[in-house]
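What follows is a single chain, given as structure tokens, in the form predicted alone.
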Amino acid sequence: MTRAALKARVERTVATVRVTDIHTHLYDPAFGDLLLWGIDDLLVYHYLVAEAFRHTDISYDKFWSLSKTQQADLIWDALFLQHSPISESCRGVLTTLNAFGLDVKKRDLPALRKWFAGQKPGKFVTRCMDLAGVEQIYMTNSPFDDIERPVWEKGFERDERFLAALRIDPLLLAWNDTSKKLGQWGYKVSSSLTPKTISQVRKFLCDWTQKMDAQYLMVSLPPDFNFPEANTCNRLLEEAVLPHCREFNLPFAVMPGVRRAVNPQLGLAGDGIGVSNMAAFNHLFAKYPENRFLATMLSRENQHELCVAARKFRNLHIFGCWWFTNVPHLIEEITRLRLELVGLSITPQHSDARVLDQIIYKWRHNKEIIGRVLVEKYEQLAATGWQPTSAEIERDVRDLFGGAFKKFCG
């Protein structure tokens, strides 16, 4: 295979592979308005909200008092009309619109709204997934969400393309408040972690794992998370969450590095970032080799240590570049680092999408970057005399875009 043929083969294989998107903030269509889509939701995405505030003097309170349409108008004017939309978040909106065949050069927001208003939600979901090349979407599902929980409790006909992941942040990080909620829901718990309380927490996890048919449990952790340490979070983790995961044969996903509400006035857009203590997670992975852990870290500074940890702990699967690392420069750097240190037993990316349409640009942009890195790696292999076959390339690409994750999860 010539160098040009190798490059073409890799690029074609990456472009056409069907993706398992292992972490998103999307919802099964049965959740109705919780599944965000359309031009206004694309524009009021919290990445763009934070960026727009750098170009406007509007007060925070005034902005949040506006309707979604008015907020979108302001963001469109600030980021797309008054300035060129070169940030990754802005470019993503344009990539998505272009994929739908819409004429972005006209800069006609009312016309875009009219087009989206004519879309039928059910068909639109399929169209977005087809344009993105996505076959399965893993949701983020919280029984502590007062809007989401009733949908699960009532029951609904599942869309088999949407899989659940049980998120338990309030359980581990806000036990005093959460214990009161569990009590209101009929679980016999107290604020102190008695054996009976731990047993009831296990029952709660069991109930919701079965109700959702959850494929893994997950938590987003602050940078100062430490383990081992005598605190409520770690007791719940060791005595309830990890035993539950072992019993149900489920991975536990940790997403460390978020500093919540650095600027509270920005709402969801006001969270920040911090460097996490990788030693804490090494202790965790080492102490519980029978548990499987998924991990993605928010800080760039943690990426090298995470790769080294993956070389030491086979019960760890690293995945994704999200939020503040979800920019082309860092995706390419981190993907190259992971392949060079860990090889193909990783999942280089997930979309982290909050708006359905975003899966189109996130996977088109991500595939371009991952494909470029893979071309380089296969060319380096070929230079040694090792010629990768088409079948081998296809196998590797399938693993990177969901296959390795599924093997790890069992």
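If you're wondering where the values come from, they're calculated on a predicted model, not measured in any experiment. Note that residue numbering follows the sequence shown and begins at 1.
The next section is about a form of this same protein that is not shown, the form predicted together with ligand RAT.
For the options 378, 47, 53, 27, the residue carrying a heavy atom within 4.5 angstroms of ligand RAT in the predicted complex is 47.
Taking 283, 260, 300, 113 one by one, only a single residue has any non-hydrogen atom within 4.5 Å of ligand RAT in the predicted complex, and it is 260. Screening 170-178, 82-90, 302-310, 317-325 for residues having heavy atoms within 4.5 Å of ligand RAT in the predicted complex returns a single hit, 317-325. The shortest heavy atom separation between residue 352 and ligand RAT in the predicted complex is within 4.5 Å. Using a 4.5 angstroms limit between non-hydrogen atoms, residue 255 touches ligand RAT in the predicted complex.
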